[in-house]
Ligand code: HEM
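One chain is shown next in structure tokens, namely the form predicted alone.
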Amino acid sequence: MDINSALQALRDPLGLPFFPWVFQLLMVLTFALHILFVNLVIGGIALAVYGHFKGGDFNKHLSKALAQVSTINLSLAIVLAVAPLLFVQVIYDPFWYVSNSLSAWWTMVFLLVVALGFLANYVFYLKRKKNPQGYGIFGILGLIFVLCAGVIISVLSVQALVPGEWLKWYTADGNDLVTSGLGLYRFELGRFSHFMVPAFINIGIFMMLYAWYFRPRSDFDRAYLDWVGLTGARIAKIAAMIQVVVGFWWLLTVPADLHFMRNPFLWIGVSLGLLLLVGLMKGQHEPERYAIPLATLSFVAILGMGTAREALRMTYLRVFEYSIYDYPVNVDWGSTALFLGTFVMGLVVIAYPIMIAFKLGRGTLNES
């Protein structure tokens, strides 16, 4: 089978409505935003569950706060997942379609476990207000469901990168055609871990921001805020050190014949990650002072890693002589202008309420 011919046949015959580099740029940006909130969800639920069972005034207070904010972060992670998913379907439609067809049953399960994860975490937060000692099991279930969703989407993403394996999976190594959609064929633990460990980097930085944000409030215990900031800084530092090891572990599993080690985008991402680690080392003793710079640097590092991830995908697909830049383009200026205009208008509309909510939360509205 000529794989490149098959991939070309699976493309949308209408082509792209705008230039592919625009979709690619927006895909990387929105994916970085999405994975940031995914990190905050996983790290937040994990620490909320830990604090719930460990006990102690500080742990219980932080557990309640993280359980509450995790419901918000999960909502944002779900909403922000729509954009990169749509961009993937536009420029990488043959790969995403085949991967989802091979594991169609699991694609449906993904939606179910995300919904169950949201419900379990919401119960963990809401019901515990009436019974602080109970409902910890729902926090555990919420974390399990979210991790299951992560495993499924990771498998679907990896399966899309290896068209050379599709025929084997579709025919069960040459036997009857497999149409059940029950298979999960390609899970890479190193890759999955590379997305999971940063959850504790970013929730640690979030705790530093939490301490900084509530410092002006007279109703917050100073000692509690000190503890949250220092604990968050320590968690983020340890997780960043682990991430360096995990990142190179995953890199060593990438096929050597792709020569990805020579890709400049990889080393830009690595450099940003190492710079973040240095920043976390420096911010250990003054977490509130370094909270905003480290949060900014963390997002830039995620963006750099997301760019390296896209470069790796292009490297995988180049083996099959496939490039999104060969896609036919039929520019539709009307729909593009409507999309960009709506996007800008949405930013303007939500900017003011976000500013008000920020000031109300800090107790500084009357001072401005």
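As the structure is a computational prediction, the values presented were derived from the model and not from experiment. Start at 1 and count along the sequence shown; that's the residue number.
Another form, the form predicted in complex with protoporphyrin IX containing FE, is not on view; read the next lines as being about it.
Comment: protoporphyrin IX containing FE is not present in this chain, but in the predicted bound form one of 150, 232, 247, 269 has a heavy atom within 4.5 Å of it, namely 150. Residue 196 is the only one of 196, 291, 239, 228 with a heavy atom lying within 4.5 Å of protoporphyrin IX containing FE in the predicted bound form. The stretch among 258 to 266, 292 to 300, 73 to 81, 203 to 211 whose residues place heavy atoms within 4.5 Å of protoporphyrin IX containing FE in the predicted bound form is 73 to 81. Protoporphyrin IX containing FE in the predicted bound form comes within 4.5 Å of a heavy atom belonging to residue 85. Although the partner is absent here, residue 45 sits far enough away that none of its heavy atoms falls within 4.5 Å of protoporphyrin IX containing FE in the predicted bound form. In the predicted bound form, protoporphyrin IX containing FE lies within 4.5 Å of some heavy atom of residue 313. For the chain shown alone, residue 52 is not a contact residue for protoporphyrin IX containing FE in the predicted bound form, no non-hydrogen atom being within 4.5 angstroms. Using a 4.5 angstroms heavy atom cutoff to protoporphyrin IX containing FE in the predicted bound form, all of 31, 34 and 114 count as contacting.
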